[in-house]
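We begin with a single chain expressed as structure tokens, specifically the form predicted alone.
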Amino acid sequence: MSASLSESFTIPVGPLHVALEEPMYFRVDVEGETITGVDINAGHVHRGIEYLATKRSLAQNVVLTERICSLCSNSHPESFALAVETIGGLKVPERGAYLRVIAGELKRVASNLFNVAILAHLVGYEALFMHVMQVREDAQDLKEAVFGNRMNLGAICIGGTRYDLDGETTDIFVASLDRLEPKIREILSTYKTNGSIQRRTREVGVLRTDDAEACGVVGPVARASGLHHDIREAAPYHVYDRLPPEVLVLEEGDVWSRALIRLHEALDAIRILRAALKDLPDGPVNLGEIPEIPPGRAVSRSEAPRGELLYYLKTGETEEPERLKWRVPSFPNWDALTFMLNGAKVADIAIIVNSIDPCISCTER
């Protein structure tokens, strides 16, 4: 006999699923096609990196932390270096601070474009998916031209940066931004007006402001649900006090709003990049030889593409840290899925999960 449309049952989504990039298990309770409950089970890619960090020197951990996550790869060593510099009382040279901003904002452009591209793919708009990914290739090519790498930039070192910009590379940078900006504006216009996108994303996966606050969500997920919070503005680091972001906040809290926030922030990152390149001061890019870091503790925060990234570092008498711990943006954002998915349709599960731009590898560390 065929099942009644109102029958209640449980379906598994993951840990391996065609629409989920990484392994995460969702036990979804449904009634007909409507979701009535969600249980999220993690731990499928636990790698023990926090333990491995205690077996490596501080300099080696700059390399290790960059490999925690691909799309936020620059933010992890950046936050780690900030914690080390706080304990050691180190001040990054002004040019190095500007270069750190440049590396971080370029990663933000590429990361946000990747997420909105995947959204188009999940909606079934393959032409838009391929177009956004092609635009993202411009950002990837720029990263390769500047850093020699397309994902892990290797830009950060304790006390500054490992890279510098000469006049020729700066000209290439500006020319690439000139090509990128109008293309991203065109993509933003498409997401604002296209019927196929709007039918699948507006009023889907809604996270109300009070629920967002209760879950402690961060990044574009928070700003799309009415929470005005950006670490670059709330607790400026590097030179963000001179290059403040234009924080966009929307109230709808749906999948569509989260996509618009990311596209806006990609454009704002380009604005910040132009200003940083224009105002880039002369001088050294790092401190050279780093003095011995004394025992101590520090907490550092940065605004990764997905939101607030927090690092806790405890150093001792040896070169290896006694404890290194991080809380990634995806960690609080996972909780919000229980609100976003409740009452949604089964067909929208992948779209809603993608809308928080989850990173399972860095969540499970």
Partner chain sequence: MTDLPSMIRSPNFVTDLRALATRDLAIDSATDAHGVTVLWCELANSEDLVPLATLFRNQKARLVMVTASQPPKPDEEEEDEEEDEETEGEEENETAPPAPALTFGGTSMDGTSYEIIYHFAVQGDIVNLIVHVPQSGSLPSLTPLFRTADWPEREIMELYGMVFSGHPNPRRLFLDKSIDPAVLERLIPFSTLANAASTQELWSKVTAAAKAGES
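Numbering follows the first chain given and starts at 1. Because the structure is predicted, anything quoted here is derived from the model rather than measured.
FYI, the form predicted in complex with its partner chain isn't displayed, but the following is about it.
Trainee: Look at the candidate spot formed by I49, E137 and H264 and say whether its partner chain comes within 4.5 Å of a heavy atom in all three of them in the predicted complex.
Mentor: No, none of the three is in contact.
Trainee: Residue-level contact is defined here as any heavy atom of the residue lying within 4.5 Å of its partner chain in the predicted complex; does V218 satisfy this criterion?
Mentor: Result yes; V218 sits at the interface with its partner chain in the predicted complex.
Trainee: Is it the case that D241, even though its partner is missing from this view, gets within 4.5 Å of its partner chain in the predicted complex, heavy atoms only?
Mentor: Close contact exists here: in the predicted complex, D241 approaches its partner chain to within 4.5 Å, heavy atoms only.
Trainee: State yes or no: in the predicted complex, is some non-hydrogen atom of D39 no more than 4.5 angstroms from a non-hydrogen atom of its partner chain?
Mentor: Yes, D39 lies within 4.5 Å of its partner chain in the predicted complex.
Trainee: Taking 4.5 angstroms as the cut-off for heavy atoms, does G32 touch its partner chain in the predicted complex?
Mentor: The answer is no: G32 has no heavy atom within 4.5 Å of its partner chain.
Trainee: Taking its partner chain in the predicted complex as the reference, which of E203, E213, D268, D164 has a non-hydrogen atom within 4.5 Å?
Mentor: Looking at E203, E213, D268, D164 one by one, just E213 meets the 4.5 Å heavy-atom criterion.
Trainee: For 215-238: residues with a non-hydrogen atom within 4.5 angstroms of its partner chain in the predicted complex?
Mentor: Heavy-atom contacts within 4.5 Å come from C215, G216, V218, L227, H228, H229, A234, A235, P236, Y237, H238.
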